[in-house]
Ligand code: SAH
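Given as C-alpha cells, the chain that follows is alone and in the form predicted on its own.
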Amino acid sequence: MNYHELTITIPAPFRDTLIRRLVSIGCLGVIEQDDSFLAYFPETVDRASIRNELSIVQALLAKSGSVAGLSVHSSSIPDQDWNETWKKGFVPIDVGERFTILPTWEKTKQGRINLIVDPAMAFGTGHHETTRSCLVLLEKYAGRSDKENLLDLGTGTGILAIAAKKLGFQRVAAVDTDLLAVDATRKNADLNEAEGIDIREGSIAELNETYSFILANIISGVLVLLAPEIAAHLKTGGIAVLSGILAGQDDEVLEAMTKAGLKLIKRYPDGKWISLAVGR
C-alpha cells in the first residue's frame, strides 16, 4: 500500500485546528516543521474528505482576515519507504537540564528523565518550541511550588502531565476538550508508566479544585478568554505557565492575566514563540 504525504503551510494559530480535523478523517500522524507540517494518509483515504477539511479551514482563515493563506503540496510514498520516511522526523531531543523526549523505538537515556511519545497519535511529539518551553519553565519553577497538584490544560499528547508526574507532583490532572487527545494521553501515560494521572475530557470551568501549578499550551486567543478561569483555579503562591503565544501576542495575553489578578514572573522566547510564567 502507498501513502499520501501532504506538506501543509498554514498560519500557526490555525495549525492545531487543521491537524485535529485531519486526524478525524484518517490522518496517520504528523511531523511538525518550522512553518509547516507533514500529514500522512493511507492511499485508501477518501481524498474528497481531505479537500473538504482543507476548504473549511481555508474559509476560516479568510473569515479571520488572515493575510497568510493555506498551501498544500501532495506526494506519494511507496509502502517499502514508509517506516524510514516516518521515523526520520522523530529523533530524541534533550530539553532543559533533565528531560529527553524520544519516540517508542529509541532506547532511553541513562541519567535523564525520559518522556516517551507515540508519534502515530498525530498530536505532536514534544519537538515543538511551545512544548519545549513549557518543559523548561516547568523544570525551572517546579521547586518553587509545593508540588501538591498540577493541571495540564489542553493536554494534547499528555507529555507535560507525564513530565510533571516524573518531577514529583503528587496529583496531576490532564484535561482536554478533544476526546482523541484524552485517548492519546492515556496511551502515552501507559508507555511512560506514569500512574495516577487524572485524565479527563472537559474544560477548566468544570473543575472544582485549585492548583499549585497550571500548564496551558494553547493559543493566545483562548488564553485571553480563559484568563479569569486560570486565575480562579490557581492557588495563592501558585505558578501558571502559558504557551502557544506568537511573538507580538504576548502583551495581550499578559494584560488579560494581569486583569485576572496574576503577575508576570518570566517572559521566555523561543524563536517566534513566547511563553509566560505568571503567579498569584
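One rule holds for the numbers: they count along the sequence shown, beginning at 1. If you're wondering where the values come from, they're calculated on a predicted model, not measured in any experiment. In this text, rigid core is short for the largest set of C-alphas that superpose within 1.5 Å between two forms.
Omitted here: the form predicted together with the ligand. The next part is about that form.
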Query raised in the report: Can all three of K147, A240 and A277 be found with a heavy atom no more than 4.5 Å from the ligand in the model of the complex?
Result: no
Query raised in the report: Considering the ligand in the model of the complex, which of L60, V45, L38, V222 comes within 4.5 Å of it through any heavy atom?
Result: V222
Query raised in the report: Considering the ligand in the model of the complex, which of V172, L115, A184, L153 comes within 4.5 Å of it through any heavy atom?
Result: L153
**Report entry** Among 70-78, 173-181, 138-146, 100-108, the region lying within 4.5 Å of the ligand in the model of the complex by heavy atom distance
**Finding:** 173-181
Query raised in the report: Are any of the heavy atoms in L226 no more than 4.5 Å from a heavy atom of the ligand in the model of the complex?
Result: yes
Query raised in the report: Looking in the model of the complex, any heavy atom of R267 within 4.5 Å of the ligand?
Result: no
Query raised in the report: Hey, in the model of the complex, does I218 get a heavy atom within 4.5 angstroms of the ligand?
Result: yes
Report task. Considering only heavy atoms, tell me if R21 and the ligand come within 4.5 Å of each other in the model of the complex. Result -> no
**Report entry** Residues of 198-212 having any heavy atom within 4.5 Å of the ligand in the model of the complex, listed in sequence order
**Finding:** G202, S203
Query - R20 C-alpha moves between the shown form and the other one by 2 Å or more, core aligned - result: yes
Report task. Once the core is aligned, please say if the CA of L60 is shifted by at least 2 angstroms between the shown form and the other one. Result -> yes
